[in-house]
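Quick heads-up: it's one chain on its own, the form predicted on its own, in structure tokens.
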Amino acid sequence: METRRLKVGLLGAGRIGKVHGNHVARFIPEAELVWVVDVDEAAARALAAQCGVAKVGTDPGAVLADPEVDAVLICTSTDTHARLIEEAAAAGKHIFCEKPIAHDLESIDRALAAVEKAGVALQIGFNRRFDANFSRVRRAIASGEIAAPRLMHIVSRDPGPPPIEYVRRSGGIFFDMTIHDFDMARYLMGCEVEEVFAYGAVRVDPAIGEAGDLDTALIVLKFANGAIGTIDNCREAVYGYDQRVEVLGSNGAISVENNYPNTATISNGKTIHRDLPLNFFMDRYTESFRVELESFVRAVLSGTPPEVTGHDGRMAVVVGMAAKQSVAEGKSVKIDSGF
């Protein structure tokens, strides 16, 4: 008997849409990519041709109206995410949506209510949860291998800042960059953040400050389990994409380092050195992007809850809002019913 395949429509054929589209088309046999749409029709057609997809266009409504489509991948601009989640839920489609859902809680809550009413699955695209290194840290905490966690430190630094045009519409560093780290902190600790104290500065490019954003930040988190965490971000690390985590527990510690293009070490009379870390997030997290989609497809086909929920998407934004408020007010912000 032939195994059922999940029929998927892709909304958005930009950088991340291309990644997800190719993964569904080439590497996830339990799913089939049947639609590609983008406001840029040429981009949609190019990706559809690359993935062997016949249905292509510019209107997401056509995908949502197609009875063949079981699920959609929302990879459009952030300002469209919440609306498309609502529309997809109303159409009875299961949903994978890139982060963030929105920059305001009213839009997020409306989208999540639509999902709950429709009874469809919603997974948010926090791919770093599916990275083998970070998954190992989570297991060490969840299993009690290092016993009670006391301190956590997350390092997340980009190799270079994004274009100023992107900065102006991104929602700011806490919503387009640190949001991954806020989700990672909650995921690793297995509990909520209760209080946030954040410092921010412009140390990379004055134009980023002129656009109303920060490029360097240090955030202190207090968790419900009593542990303390820190996140340090910078939009520029000249040596490459810097992604590290360390957790200290009462019975030991666990840490994960950067990924490198090779394991070679060069030794001579002056130095011992190696090549720089991977320099782009698409290289560093290639495998995790595939694994997160496999997880989504598996959840929908089996009828089990997605591993990254709408609540997870909401809480990452809440912590980001608290961090932004902390920088503006110069004091810690408690996360309570006000969020």
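All figures in this text were calculated on a predicted structure; none of them were measured in a lab. Quick note: we count residues from 1 along the sequence shown, nothing fancier.
Keep in mind that the form predicted together with a further copy of the same chain is not shown, yet the notes after this line are about it.
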Wondering, does Ala142 line up within 4.5 Å of a further copy of the same chain in the predicted complex on heavy atoms? no
Can you check whether Tyr166 is within 4.5 Å of a further copy of the same chain in the predicted complex, heavy atom basis? no
Quick one: does Leu73 come within 4.5 Å of a further copy of the same chain in the predicted complex, counting heavy atoms only? no
Since only the chain is shown here, I'm wondering whether His311 would be in contact with a further copy of the same chain in the predicted complex (any heavy atom pair within 4.5 Å). no
Students should find that, of Arg298, Arg274, Lys55, Arg45, the residue having a non-hydrogen atom no more than 4.5 angstroms from a further copy of the same chain in the predicted complex is Arg274
Tell me the stretch among 167-175, 111-119, 79-87, 148-156 that has any heavy atom within 4.5 angstroms of a further copy of the same chain in the predicted complex. 148-156
In the predicted complex, residues of 205-233 near a further copy of the same chain [heavy atom within 4.5 Å]: Thr216, Ala217, Leu218, Val220, Leu221, Lys222, Asn225, Gly226, Ala227, Ile228, Gly229, Thr230, Asp232, Asn233
